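Starting off, we have a lone chain in the form predicted alone, written out as structure tokens.
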């Protein structure tokens, strides 16, 4: 490695080692330790913390289930929106809609989420529907529905833009060729548009899903502490019960799951890219 290359890579490498590798090593060391009598970490080498992981299986199940649901419904909303922006909207309308998607990011994530607490409380939407006589009783807050709604609302822009970019970069001549060959709109979408935008779809899904695996605020506010994610379990273990070794073991298990997900994402992205190049070359 030449000296200029080393000097260019050194700052990024240093930050990588200090902010990612070093904390991960510390957490890994803590996960094999024991809880001190007064709480915290006591030096030891034991697998007891990992053997106790099944006692915290519920937060993992909740996280995987609701993160998957939130990602799924996010795709159902984001893809049509991104498709409209990329293929149907005029330049002026596109600018307005993109601005409207970005505007919520000008407000704190906490404030945006807490607003839904008021909207879904007994004095919000349920009270309006009850007064209109549409329902006799309705509970929205502190339910899985509230958490999924908060996920879709807060993470929709992160899902939309990768899909929009992939659709915007789509060669429109391929769509015209498909129509010239006799394919209808549905056939063109299924055979051309969807496959060639799959990389953006996968990227948006993984971006949202990975962030949701560490989510804490949405289940804490909209779940009312009744539906624990792994992030909530970690806060409880580190700050409440002060069981740092067990919390570290939970964190390492979460990292392992994330490593599997990212590996699958990289494999799927590489495969989709290869299929896209092959499809374009055939056309």
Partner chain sequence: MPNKATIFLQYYAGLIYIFLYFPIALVVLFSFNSGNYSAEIQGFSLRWYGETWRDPFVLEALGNSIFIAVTSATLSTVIGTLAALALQNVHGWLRNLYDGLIYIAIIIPGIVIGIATLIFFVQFFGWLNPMLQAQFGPSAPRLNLGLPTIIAAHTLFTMSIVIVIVRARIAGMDRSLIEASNDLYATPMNTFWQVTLPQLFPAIIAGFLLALTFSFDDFIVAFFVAGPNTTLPIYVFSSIRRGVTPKINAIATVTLIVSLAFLFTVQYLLTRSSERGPGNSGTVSSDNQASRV
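This is a predicted model, so every value here is computed, not measured. Basically, rigid core = biggest C-alpha set you can superpose within 1.5 Å across the two forms. Residue numbers count along the first chain shown, from 1.
FYI, the form predicted together with the partner chain isn't displayed, but the following is about it.
K.L.:
Which one, 207, 198, 129, 140, lies within 4.5 Å of the partner chain in the predicted bound form by heavy atoms?
P.N.:
By the 4.5 Å criterion, the partner-contacting residue is 207.
K.L.:
Just to confirm, residue 270 within 4.5 Å of the partner chain in the predicted bound form by heavy atoms?
P.N.:
Residue 270: no contact with the partner chain in the predicted bound form.
K.L.:
Any chance residue 105 has a heavy atom within 4.5 Å of the partner chain in the predicted bound form?
P.N.:
It does: once the partner chain is placed as it appears in the predicted bound form, residue 105 has a heavy atom within 4.5 Å of it.
K.L.:
So in the predicted bound form, does residue 231 come within 4.5 Å of the partner chain, heavy atom to heavy atom?
P.N.:
Result yes; residue 231 sits at the interface with the partner chain in the predicted bound form.
K.L.:
With the cut-off set at 4.5 Å between non-hydrogen atoms, does residue 110 touch the partner chain in the predicted bound form?
P.N.:
Residue-level check for residue 110: yes, a contact with the partner chain.
K.L.:
Can you name the residues of 237-265 that have a heavy atom within 4.5 Å of the partner chain in the predicted bound form?
P.N.:
Contacting residues: 238, 239, 244, 248, 254, 255, 258, 265.
K.L.:
With a threshold of 2 Å on the C-alpha, tell me if residue 266 counts as moved between the shown form and the other one once the core is superposed.
P.N.:
The answer is no; the displacement is under 2 Å.
K.L.:
If we fit on the core, is the Cα of residue 25 displaced 2 Å or more between the shown form and the other one?
P.N.:
The answer is no, as the C-alpha of residue 25 shifts between the shown form and the other one by less than 2 Å after core alignment.
K.L.:
Quick one: core overlaid, is residue 105 moving 2 Å or more at the Cα between the shown form and the other one?
P.N.:
Where the cores coincide, residue 105 still shows a C-alpha shift between the shown form and the other one that is 2 Å or more.
K.L.:
Taking the shown form as reference, are the C-alpha positions of residue 106 and residue 204 brought closer or pushed farther apart in the predicted bound form, with a change of 3 Å or more?
P.N.:
Compared with this form, residue 106 and residue 204 lie closer in the predicted bound form.
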